[in-house]
Structure formats: C-alpha cells, structure tokens
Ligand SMILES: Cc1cc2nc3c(=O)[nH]c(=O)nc-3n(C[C@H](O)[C@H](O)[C@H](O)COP(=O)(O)OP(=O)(O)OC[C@H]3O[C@@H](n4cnc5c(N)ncnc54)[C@H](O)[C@@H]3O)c2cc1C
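Single chain ahead, by itself, as structure tokens, in the form predicted alone.
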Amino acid sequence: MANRDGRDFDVVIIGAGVVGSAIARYLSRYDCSVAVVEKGSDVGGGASSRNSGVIHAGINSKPGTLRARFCMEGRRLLIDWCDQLNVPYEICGKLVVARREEEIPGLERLKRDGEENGVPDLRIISGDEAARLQPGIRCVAALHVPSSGIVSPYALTIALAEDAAVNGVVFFLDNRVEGIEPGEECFVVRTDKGILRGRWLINSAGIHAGEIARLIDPEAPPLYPCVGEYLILDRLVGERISMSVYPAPRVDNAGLGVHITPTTEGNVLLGPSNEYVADPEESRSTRPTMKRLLKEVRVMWPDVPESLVIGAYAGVRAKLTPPDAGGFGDYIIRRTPAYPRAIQLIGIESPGLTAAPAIARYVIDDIVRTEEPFEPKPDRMIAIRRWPRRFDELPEEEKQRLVSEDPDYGEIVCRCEGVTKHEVLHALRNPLGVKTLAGIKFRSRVTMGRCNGGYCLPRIVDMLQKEGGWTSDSFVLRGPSSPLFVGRVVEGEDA
C-alpha cells in the first residue's frame, strides 16, 4: 500500500516473539512492506526466550491437531533455518522415563501418538538401557526419542528478527498496542508512540494475543497465564548430561512435567514448574519452587548437583485451557470473522518454538498469499544475516588470525563465557537498534556465567561509556522501566 508517512505497510505483525519473528522473516522473502510492533525493548522477551529450548519430535501432540501438524512440519523447517542462519542446535535425543510400573502405559500412549504423527525410531527400553544411554538416571523403563533436539531459543528468535530486518522488515520496539481501528482499506494500529497502518494484520502477541484479538473480535477466547520456573546449572554439569530427560506424562498436568534439558551453551536446565497465575507478566523465581524443582528432579536423577545451580528464570505460557482443566488446547489460527484480513494466532504454547517456521509458512502461503500474491524477491536481493560463531569455540589458528586483524578479539571481557570485546561491540551494533544490557547479554553471552556478571559487568559499563557514549541513565536491563543506575557517586568524573 502507499507509504504516506513511513508508517503504511502491506502487513503489520503484532508481537516479536519466535512466531512473530518467523512470520516476519518468511515475509521478508517477498516483495511487500512489513512492520513488526513489539511492546518490549527487544524481540523474544517473553516465553520465546524463557523456555526449555527443545526441538520437539512430535510425541506430545495429539494426532490430527494443529499442534501435531505444525510440530512435525516445523521441526524440518527449523533445522533448515538454523543451518541457514548458523543458529546453534543439536539433535541429542531424549528419554521419557517411568519411575514406577504404573507409569509405563503413559509411555506406550506417547509412543502410539508419536508413531501416528510420523516420529521415527521410537523405542520403549528398560531402565538399565536408559541408564547406559544417560548415566545417572534412575527409572524402570523409558521411551527413547532419538529425533528430539535442543536449540538456543533466544538466539533463534533474535536471528530470525535480525535477518528479517536486514531484508527490509521494520521493527517498532517499545510500542505497546492500545487500539485497532478496522477500515475499508487498512487497519489502523494505535500504539503509545503513534499509529501504523496495514492492509493485513497478524496478531502474534503471545500471552497477550487474546486481549489484542478482542480489540476487534469480541468472541476471541481468553488465555490463562501459566508460569514455569527453571533452574540453571553450571556448564560443568553439561559434561554429564547428553540428552533431555522427561517424566512420564500426567493427564492433568499444565505442561510436560519437570525435566532435565542440556543446552547448546553447555548449561543444564531443570524445570519448568506449572502454576496458573493472574498476572501475565509474572516472571519471579521463588525459593519454594526452586526447592520443589530439585525434589522432583531427584526422583529421576538422584545425584543432581544442587551446589552447581548458578541461576534461575521464569516464563509464562499462553494456555487456552483453564486451571480446572489442565492439559493442552489446540492452537487457534484463524481469520477474524468480521475482518478477514486480520489473522489471529491464539494459544501458541509448546511446541510453539518448534512449530514457528511451519506456522509462518501456513499463515503467509495458505492465507495471505491466496488473496495477496506477493511476488518472491530475486535471490540477489536477499541477504542472510548469520548468527556469529563464538570466539571461544573457534580453532586456535582462527583465533590468532582474528586477533591479528582486530585487537578487540584479544581482550576477554567475560571470563566465565570467554566473550571478547569485539563480540560485545558486535552485539551492541545489532540491526534492530537494541541498546539494553539484556540485548547485549543474549547476543554475546556476557553475564551468563557462574559469576552472573560479577567480573564482566563493570568492564562492560566502562566500555559502553568510553566507546558507546552511554551515560548513567542509558543503562537499562530490559527497557525504560529497569534502569541499572540512578546517577554518579561523584559528578563529572569518569567511572
């Protein structure tokens, strides 16, 4: 559509989580104008970066549902996209363990569902074989799922968004949607910073998708926030855990149970909990829940090293099922009855990370382009922004070459994670224009080690003041509401 003031677009996407960013990236391959509106100061600030980072194989989705369809298709696309963008992932497999004989039928049900969905090579094995596959695990039987994997969820979301941005998608961060006005030619999206107009509107607002939908669709269903807390174990533990370990399913559970998950960075995650809450922004980590996570994990892994817990975080799932029902509802992906060019994505919880590329393909190819046949861009007009490989993981000869070309590679800023000054500055110069400490953290891994920033944070602050021109009021953790400093102890002096 005509761009009168820089805020008119063919497509406006609300929400820059992994699904919204996947849709933006998919659309960036077509000749159309696209905007993404995000209330946070960075992409992926909600459930998209606060989950287990599992590439699901398809055993936990009821056959015939959208969850099952998009999980299976999404897994294949996700691996292709990770290869294109250099996003870290690993097909490490997983075990679903029965701790008592009466739990074995639950494994058999998962196996039947998985086979109906097309999951390959599923086997129910003995407790002894499970312990050989993953030493330290105690169970009477297990379902082995070799096609399950892990991916860095924040790296994936950021990589999708940044690749979309370098290919023309415009991101409006720190823009909270306050209203939507349907018109004959376009939707007017009012934010707290101004307005945008789009011929098509795609609501991918995660936990807030229900309230956004109800701005133009009073019949849209409600969502129920369900918080999940995690513990983070030191990278030393990653040498002992080679695959994910899940408990046998419970029918009434709001999630998949407290599980053990290795990460692509070498840490190990324990969690999540499952607690319905009233506040969709709930993100606290609580001591009672931490103790409960350790207690539940010890049933499967008696020697879990509690002394190597180095951090915790929480994420909120967007559930369609109320507290008295539990379990999982199927995804809602539909056109708004009164306004068919408005597409609602509601209740996209696990396996939403795995399903994201397939959801993007479906929304664009099977809905939008059936009426609006945007032409594909020529290959020469498409840039690929690859996720940078970590300096700490490079061969020694490559490290020496980079240091000789750029001395900033030779200065280690974060000892725990081996992050260099060059990597911090590269993270700061991201194409989305994100200037938060969390943004630098998720793009470079500074402050993610066992000292939680005790060593590197002062050095980062000094670097950003001297080389980035930051002042004391520039330093925010996640956005304007989370300042790190209130001023200087001595005015006029260097930090």
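Since the model is a prediction, treat every value here as computed from it, not as a measurement. All residue numbers refer to positions in the sequence shown, first residue = 1.
The following text describes the form predicted in complex with this ligand, which does not appear among the structures shown.
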Item to complete: Could you tell me which one of 262, 210, 247, 315 places a heavy atom within 4.5 Å of this ligand in the model of the complex?
Response: 315
Response to the item:
Answer key, this ligand contact in the model of the complex at 4.5 Å (heavy atoms) among 436, 444, 48, 61: the residue is 48
Discussion item. Would you classify residue 161 as touching this ligand in the model of the complex, given a 4.5 Å non-hydrogen atom cut-off?
Written reply: no
Worksheet item: Does residue 81 make contact with this ligand in the model of the complex, using a 4.5 Å heavy atom cut-off?
Response: no
Worksheet item: Though only this chain appears here, would residue 449 touch this ligand in the model of the complex if you measure heavy atom gaps against 4.5 Å?
Response: no
Discussion item. Would you classify residue 69 as touching this ligand in the model of the complex, given a 4.5 Å non-hydrogen atom cut-off?
Written reply: no
Item to complete: From the candidate stretches 424 to 432, 449 to 457, 463 to 471, 34 to 42, select the single one in contact with this ligand in the model of the complex, where contact means a heavy atom within 4.5 Å.
Response: 34 to 42
Discussion item. Heavy atom within 4.5 Å of this ligand in the model of the complex: which residues of 175 to 202 meet that condition, in order?
Written reply: 175, 176, 177
